[in-house]
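Next up: a single chain in structure tokens, the form predicted alone.
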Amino acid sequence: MVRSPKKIKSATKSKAPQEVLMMATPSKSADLRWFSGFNASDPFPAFSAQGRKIGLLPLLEVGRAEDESDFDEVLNLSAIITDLRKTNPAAGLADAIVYAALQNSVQRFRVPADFPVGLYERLRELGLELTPLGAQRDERSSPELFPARWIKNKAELAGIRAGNAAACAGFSVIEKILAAATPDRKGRLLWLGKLLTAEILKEEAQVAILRAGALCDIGMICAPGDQAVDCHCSGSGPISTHQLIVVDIFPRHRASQNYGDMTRTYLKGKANTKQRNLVHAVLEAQRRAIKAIRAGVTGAAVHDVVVKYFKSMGYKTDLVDGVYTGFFHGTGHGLGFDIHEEPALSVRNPKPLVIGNAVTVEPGLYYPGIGACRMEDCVVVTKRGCELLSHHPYNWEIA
């Protein structure tokens, strides 16, 4: 029988606790998924202890966690709570966490900023010392929960490549549909006897992506015309000739749980001069950004390459009638277990890139009346440059 822990006696406080405690759902928490190597649809607690990883899993997940996870020890959360209630009928999750922590000689933890507030308060009542991420002022401690997450290993890079390969399957289907589509008298495209819409393109792409081993679990973008000027507009309605169509596909590879993220811009018909110049400028900006990426260069410096190039080409960034135009977002972001991770290629990242960082490179231009163009690929940072993690043609103008 285990005894319910009483309130922990106060001890000398550490300025920077190194052990980590999480309470989250791996399918929603990239940190927990990275830490545990385990995926589940329900939340559970997990913590580090002297270099070991401890997971407290409900009974129905214990066996699978023992077989599949990276935990050094899997504890039966249900059994611990049941046993604790023999001496303390009110024992619950917090008591079980404290018991497991004390069994591993840990009283102090760092916790992520989104740690459940009710559980946080109860654990503190029971005497655990918890330091929220970002609250530390010790220069030896990291402001991030797991800084090593931003340096990808071979398996993670393979997962990102696989996610991008699935995105390419989606692009290929969209390209075939646009090539086969024909315009009606109003210039709207027809496909298989029906009006072609952004919804149809997304649905057909999603099927191809699923068959390629991935899933767009947070959606995708297929935005025609001026809809794409709002760079995160999902897109809807009919597709017409002679309009730019921004297609951004960011699927999660199901086997590895890593995201890919790619964007291509299309036009069915013949582009006008402004559209053609816009696309060529974005492609050149992306080429220059990729060339600038290497270990030791800051994310802000890479972004500045794009900003200066667009400015030299006369593309202004402004707020016009409440709408941002030009180039108003970052050049890229990290990706992996999350679709948006560190490091950023933007003004907010003055830190140097390091070998193993995986980032997107996605400059774009957005102007009402002309439309929008964004081209996006993924790279991994190397000592002298970077290596592409995505490959797909830029055949944007489809006859």
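Residue numbers run from 1 along the displayed sequence. Just so it is clear, the model here is predicted, and its values are computed rather than measured.
The same protein has a further form, the form predicted together with another copy of the chain, not shown here; the description that follows concerns it.
- Remark: none of the three candidate residues (34, 172 and 394) comes within 4.5 Å of another copy of the chain in the predicted complex, counting heavy atoms only.
- Only one of 181 to 189, 160 to 168, 226 to 234, 300 to 308 places residue heavy atoms within 4.5 angstroms of another copy of the chain in the predicted complex, namely 226 to 234.
- 113 is the sole member of 320, 113, 155, 148 with a non-hydrogen atom lying within 4.5 angstroms of another copy of the chain in the predicted complex.
- A heavy atom within 4.5 Å of another copy of the chain in the predicted complex is found for one listed residue only; from 295, 195, 102, 215, this is 215.
- By the criterion of a heavy atom within 4.5 Å, residue 86 is excluded from the residues contacting another copy of the chain in the predicted complex.
- The closest heavy atom approach of residue 204 to another copy of the chain in the predicted complex falls within 4.5 Å.
- In the predicted complex, another copy of the chain sits within 4.5 Å of a heavy atom belonging to residue 210.
- In the predicted complex, another copy of the chain lies within 4.5 Å of some heavy atom of residue 43.
- Taking another copy of the chain as it sits in the predicted complex, the stretch 253 to 267 comes within 4.5 angstroms of it through a non-hydrogen atom at just one residue, 254.
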